[in-house]
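In the block that follows, a single chain appears as structure tokens, in the form predicted on its own.
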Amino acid sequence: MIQYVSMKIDGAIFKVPKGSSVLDVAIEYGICIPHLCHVPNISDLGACRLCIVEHVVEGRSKVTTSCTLRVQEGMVIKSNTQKIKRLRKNIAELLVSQAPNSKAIQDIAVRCGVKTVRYPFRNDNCVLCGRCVRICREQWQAKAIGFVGRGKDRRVKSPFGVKSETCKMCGNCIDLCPMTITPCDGPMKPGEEYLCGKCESQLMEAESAVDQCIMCGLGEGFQCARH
């Protein structure tokens, strides 16, 4: 039997299944919490940090990732405070500077209010979100790819750098990768990267729909959970 608990997100009370993540609850009820590494029905690891919220306990708040935070009875969550918006915007800015050739990440930057990029562009082809690794391991039970190395040398590779015999050729690792969809104007060459921002007009309704998913279409090509 499913057990339910009562909780608050941005002042609204919800009765939700015990064990759900705060991010899943927000998505279910149309509360916009930007995210990148989250994949429905796959374990979360909070890699991208975009889904941070304030978890208020006894009057004191703690910033944590909503995808890894499980709901509890009486839980109070604030998803759109000035502090969270500032932190989330900086995270999005870092991501787009790291991988500007991803439409998904460019969309996230727009959704988080990034207007300029203060960090040097790097044009990496991976942001270590782990979507490909988790879908391969958990849904297909293949373990054909995984993380290797630590720190700045951490990357996704197949065992020993060769195609694994356990690969089932499902293509999910490619489908879920945020780097597979390039910006609307095409790939940016090294040294010519920029913040696109062309989809900003899709956010015009955001100011009149605070804390709600406005179905803007940003990330639609990236299998946005609301589309």
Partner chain sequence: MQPQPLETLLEGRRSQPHQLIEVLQDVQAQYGYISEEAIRTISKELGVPLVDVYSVVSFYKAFHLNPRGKNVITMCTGTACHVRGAKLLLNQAISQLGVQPGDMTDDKLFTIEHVNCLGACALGPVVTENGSSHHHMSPGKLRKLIDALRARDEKPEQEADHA
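Positions refer to the first chain, counted from 1. The shown structure was predicted, so the numbers you read here are calculated from the model rather than taken from an experiment.
Absent from the display: the form predicted in complex with its partner chain. The rest refers to it.
Interface residue remark: residue 148 is counted as part of the site for its partner chain in the predicted bound form, having a heavy atom within 4.5 Å. A residue is said to contact a partner when one of its heavy atoms sits within 4.5 Å of a partner heavy atom; residue 85 fails this definition for its partner chain in the predicted bound form, lying far away. In the predicted bound form, its partner chain sits beyond 4.5 Å of every heavy atom of residue 172. Contact between residue 165 and its partner chain in the predicted bound form is found at the 4.5 Å heavy atom cutoff.
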